[in-house]
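In the form predicted alone, a lone chain appears below as structure tokens.
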């Protein structure tokens, strides 16, 4: 055993040929597969790092792909949850996972003669023309046809391409491509100081700006050996919970739109707008951007606790009335019940995150299992169900809306009791020459977000976000085999996916 990271997590380094077996053994032993990262190592090698979650910790297993090697034994046959991670690494690093069941391009379909971008290596790249060849059909037979859905769709949706293969109504096979939304986020971080990197993190998955900024800054603070003021931790939790409410309401209102519940759709849109305006009243930005900084936060909330308490109370009362009506409407519930089922066993094997996981029996929430910000002192209530359908995911979100409002209220009053930080500074100084590597995390509305961060003399040499959207979206096709085309909108809304968070 060797401690290779500065975040206090235990890391093992193994020969490359032993990596897949070791990860598989760890998962079978009860650890959750949390992600697979590639880290360039000079001169031309690539380190593969598997993150494995357990209560209170995030240990990792590393293996080095030596310079000149372009393949490695695939992890997916041992741990199917690694499938999309290995596809992404193949796109970005040119490393082929041998024996992978389907190593199709995912986030960056490169022409054969284009070099992999290798984020973190600092290598210059020529202009890229993406290989946008249509996805080939998977199913064949009498009466089977394909529907190319996207990348441009009606409504305000992010660009994503679905290939729906169906004999008529049922959807036995579904594939997706997300490269239209790929922005090269990992390359954009390179060379930035942390105070600029947090601005990029806020935009990696805009609907989870606070969560991404918190996870990024946590990694930077760990590298620099910085403890943030308690008051700053409370502010981070306050804004993180209001972000959760806004995201969960967005999922609910998309369900009402799909079900033709016009009045409920209008009411949920109104309530979401109230939440966004409350967030703007607290920090002058509807998405909470500019609040979380390396070392702490930019300052106290702009509303006094009494004002915030009143606003939350009014919102909570109106929301409770409208959601109770919606969740007792048979014509609405009938569309959600039994739709888009993710079995408990499948969710557990994949390590499903957030409401997708908690709707299928997975109780983990990193606010409790690995507390950060001020969650260790707040009265957190978690919710999960076992049905695994769209309705179960909706119930989890509704319950989390009210628990999030309660947490925001407690954080505000705790701030009032704490007063100003002792020296008046809401952020601790971060060494401008800090160097090292660490991992940060947060429980975004979609689930656990991770950041692998490397600093060299105060500049980012590697920043890799892993969103819950990326991890969960690999499960999306598994929700369809027993459903029909008209269920598509409900299943998609129930996952609450941000395609920007998937594509990177």
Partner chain sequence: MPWISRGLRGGILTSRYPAQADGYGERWAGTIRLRHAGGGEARDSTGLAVACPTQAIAVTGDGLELDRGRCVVCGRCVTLRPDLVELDHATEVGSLARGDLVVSTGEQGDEDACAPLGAPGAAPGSLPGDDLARLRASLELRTRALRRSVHVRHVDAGSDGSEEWEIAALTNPVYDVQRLGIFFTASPKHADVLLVTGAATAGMIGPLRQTYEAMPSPKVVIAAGTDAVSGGLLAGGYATDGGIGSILPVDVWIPGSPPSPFSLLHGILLAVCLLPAAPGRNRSHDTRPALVPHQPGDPSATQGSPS
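This one's a predicted model, so the numbers in the text were calculated from it and none came from an experiment. Numbering follows the first chain given and starts at 1.
Missing here is the form predicted in complex with the partner chain; even so, the following discussion is about that form.
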For residue 421, is any heavy atom within 4.5 Å of the partner chain in the predicted bound form, or not? no
With the partner left out of view, is residue 188 within 4.5 angstroms of the partner chain in the predicted bound form by any non-hydrogen atom? yes
Look up in the predicted bound form whether residue 78 has a non-hydrogen atom within 4.5 angstroms of the partner chain, and give yes or no. no
Could you tell me if residue 175 has a non-hydrogen atom within 4.5 Å of the partner chain in the predicted bound form? no
Residues 369, 397 and 494 all lining the partner chain in the predicted bound form, heavy atom within 4.5 Å: no
Among 213-221, 190-198, 358-366, 379-387, which stretch has residues whose heavy atoms lie within 4.5 Å of the partner chain in the predicted bound form? 190-198
Considering non-hydrogen atoms and a 4.5 Å limit, which listed residue (429, 184, 306, 94) is close to the partner chain in the predicted bound form? 184
I need to confirm a contact call. Of 348, 333, 148, 318, which residue comes within 4.5 Å of the partner chain in the predicted bound form, counting heavy atoms only? 318
In sequence order, the residues of 320-351 that place a heavy atom within 4.5 Å of the partner chain in the predicted bound form are 321, 322, 325, 326, 329
